[in-house]
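Have a look below at one chain only, the form predicted on its own, in structure tokens format.
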Amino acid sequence: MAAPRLIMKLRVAALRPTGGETLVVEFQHPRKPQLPAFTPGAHVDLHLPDGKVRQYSLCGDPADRSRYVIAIKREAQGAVSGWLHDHLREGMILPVSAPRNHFPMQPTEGPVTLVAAGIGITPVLSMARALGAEGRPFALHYVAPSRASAPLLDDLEALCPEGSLHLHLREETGARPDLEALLATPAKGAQLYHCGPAGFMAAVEAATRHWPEGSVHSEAFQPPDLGPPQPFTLRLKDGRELPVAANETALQVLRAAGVPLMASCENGLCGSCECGWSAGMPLHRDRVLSPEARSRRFIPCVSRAEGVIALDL
């Protein structure tokens, strides 16, 4: 079971608009000069007054512990993002979790390629900041329809060393980038990190299938769609078997059975409800666990199983 996360009451210190109907929000602690450290690719949970919890990548400088910076895109069907855009004000206090990182950078001596589309630039931006501070060369490919729709573009142009930022703007090229050609030949020891909308993520994954195992890393803002859910059964350590209907989640059934399990996003993106499994055939629908971790760990808010799965609960 995941350990509880520290929740801090942080003050909205600054707000500024950026491209693509995106709001940059800076948080500071009202009393303490430093916040818990974070590494590039980390995110925080933002707890809203109505009880909803949303995850946002930290896009600030990991070396600057005086503040956390996130960017919130106003989504057409997003009631939460709309509320934040309309109601956040400087001086407001909101509960914010300590950072967690499911998208960490890996140690490597090889070249680093960063690829992002739209609001997917947020975790990638913190990576670019860290690489630039270390003096390590990198290439950052940023895909967007236009300059006006590209969040945080000014930040990128200010921090990226000359020649490292490659913009792929459809208003200038008239077409989407050829990812197959762009990512055709990985250099020895190369590492690639990518983030963006589902279609873009799938295109990058298809273009990098020939890259060495463990060299391509991603973070998605939505869990994968694996088709309509089917019923299955949970087997607990005390011998109980709990049926999960097609319209229920394993997390809901566990809660109803009195099994204490933490949860936050309930969308398979934060890992708060993670538990172990020991037998069965899980159907992993999360975007948190590594391929290796999936051989023993399970995210019950979204993942399912075929038949019976034995949980370490």
Partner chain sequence: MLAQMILQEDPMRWTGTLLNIHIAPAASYEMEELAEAQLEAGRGIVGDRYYLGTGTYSARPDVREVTLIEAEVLEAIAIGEPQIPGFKGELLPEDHRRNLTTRGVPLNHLVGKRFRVGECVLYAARMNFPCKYIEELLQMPGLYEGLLNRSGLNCAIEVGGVIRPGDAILPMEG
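Each form is matched to the other, and the largest set of C-alpha atoms that superpose within 1.5 Å is called the rigid core. Residue numbers count along the first chain shown, from 1. Keep in mind it's a predicted model, so treat the numbers as computed, not measured.
Below: the form predicted in complex with the partner chain, not depicted.
- Shown alone here, residue 55 lies farther than 4.5 Å from the partner chain in the predicted bound form, counting heavy atoms only.
- Within this chain, residue 310 is remote from the site of the partner chain in the predicted bound form, having no heavy atom within 4.5 Å.
- Proximity of residue 161 to the partner chain in the predicted bound form falls outside the 4.5 Å heavy atom cutoff.
- Heavy atoms of residue 197 never reach within 4.5 Å of the partner chain in the predicted bound form, leaving it off the interface.
- Proximity to the partner chain in the predicted bound form, defined as a heavy atom within 4.5 Å, holds among 100, 73, 235, 168 only for 100.
- This chain is displayed without the partner chain, yet in the predicted bound form the stretch 259-267 from 58-66, 259-267, 241-249, 275-283 comes within 4.5 Å of it by heavy atoms.
- No residues of 296-313 lie near the partner chain in the predicted bound form, the criterion being any heavy atom within 4.5 Å.
- Residue 11 shows a C-alpha shift below 2 Å between the shown form and the other one [criterion: core-superposed Cα displacement of 2 Å].
- In the core-superposed comparison between the shown form and the other one, residue 273 has its Cα shifted by at least 2 Å.
- When two forms of a protein are overlaid on their rigid core, residues whose CA moves 2 Å or more are considered shifted, and residue 24 is not one of them between the shown form and the other one.
- Relative to the displayed conformation, the Cα-Cα distance from residue 291 to residue 100 shrinks by 3 Å or more in the predicted bound form.
- Note: the CA-CA distance for residue 98 and residue 291 contracts in the predicted bound form relative to this form, by 3 angstroms or more.
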